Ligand code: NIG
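So this first bit is one chain, no partners, the form predicted alone, shown in structure tokens.
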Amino acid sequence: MTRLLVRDLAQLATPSAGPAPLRGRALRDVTVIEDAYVLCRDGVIEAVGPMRDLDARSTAALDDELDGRHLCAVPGLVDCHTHPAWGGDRVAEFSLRAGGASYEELHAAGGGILATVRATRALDDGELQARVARHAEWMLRHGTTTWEGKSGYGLDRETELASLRAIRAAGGSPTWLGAHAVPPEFEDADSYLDFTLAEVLPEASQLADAADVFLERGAFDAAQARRYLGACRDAGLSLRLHGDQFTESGAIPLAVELGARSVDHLEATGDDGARRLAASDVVGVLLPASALFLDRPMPPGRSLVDAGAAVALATDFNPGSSFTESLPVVTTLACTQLHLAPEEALSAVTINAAHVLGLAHDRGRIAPGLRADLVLLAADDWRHLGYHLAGDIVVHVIQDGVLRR
């Protein structure tokens, strides 16, 4: 048995109890405890409360004790949308975009996703695993204790499967993004889907937790996405969609029809789409860092929340359109650009993001019986998580009851 006590915290902030995902007013329901402690045992939270309630019996036989004075604790952050398995970089493309080239123009010219596909295919399995492990370490430094990772930069059998294995080995929840783009060796999307569903899905379904598709002009249309997702659902995978990034092309209706876990991006979502999403159990995953990186309109976070939609936040970490691993930066963007309250943003990067991954039963909050994942912030007020733009705000990260940073 191992026991860790985090004591004398200036504040502890956690989404309050209630069924996930949170929506509407419940998104703002955050419990704040002043002068707090957290007691962890064998990777699980044993007790939480104000220091005045901590007695000597509770602190007997501790293995470690962490001084939390002038620090705040929030739940371990959950990044439910990342693309960590890739080779090379896209810094040249970044420079071209800064000079005026659009994302769609670069994609149509063979850049964009396909440029990373070429670089990723050139890696051997060991190199790919090292890349994903390094990216996971970057995320941990910024307070991410649970993360999802997508394949999609291989688009062949060997690299896609190697990507899923590397994500799992690095501690992530793998998502098979087999329908990310059409690789150059195929003439069209339908012939590529013939291949990937027959040759990759059978083994990918044994390695991944979910499947994802890029439903967008120039990638896969709604009929092709339905075919792909339907086959993945039949193989036992949960469903995710990239949708409404550049155009409204039917992603939200399809996500609702198929009972997808989430539809992600939503920069182009209009009022009707927001109403449809709000009336469903599908979570809208908002990716403001991607919109910032590509100089695109921000997703309508405030409108979605006010309509009653369940929302989560994520980095969209990838080499081309959102090269950031920082959920604190995403939290700042959520507050300043999407006009979410700090409480709403905290719920969106913890319990709601955990729900998207099917993990809200044991993480996303600080409460007895849940996994002991905590982030300690260098501030006397937990709202510095979003307030301190790109600051060195994360002091300690506790994952499974173990001090990792």
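Everything numeric in this text was worked out from a predicted model, so none of it was measured. All residue numbers are counted from 1 along the displayed sequence.
Keep in mind that the form predicted together with ligand NIG is missing from the display, and what follows is about it.
Of the residues given (Trp176, Phe220, Trp147, Tyr153), Tyr153 alone sits with a heavy atom within 4.5 Å of ligand NIG in the predicted bound form. Among Asn318, Thr159, Ser238, Ser326, the residue placing a heavy atom within 4.5 Å of ligand NIG in the predicted bound form is Asn318.
Heavy atoms within 4.5 Å of ligand NIG in the predicted bound form are found in exactly one of 318 to 326, 248 to 256, 197 to 205, 118 to 126, that being 318 to 326. Proximity of Thr331 to ligand NIG in the predicted bound form falls outside the 4.5 Å heavy atom cutoff. Of the heavy atoms in Arg90, some are within 4.5 Å of ligand NIG in the predicted bound form. In the predicted bound form, ligand NIG lies within 4.5 Å of some heavy atom of Ile113. Although the partner is absent here, Arg131 sits far enough away that none of its heavy atoms falls within 4.5 Å of ligand NIG in the predicted bound form. In this stretch, 162 to 200, the one residue having a heavy atom within 4.5 Å of ligand NIG in the predicted bound form is His180; the partner itself is omitted from this view.
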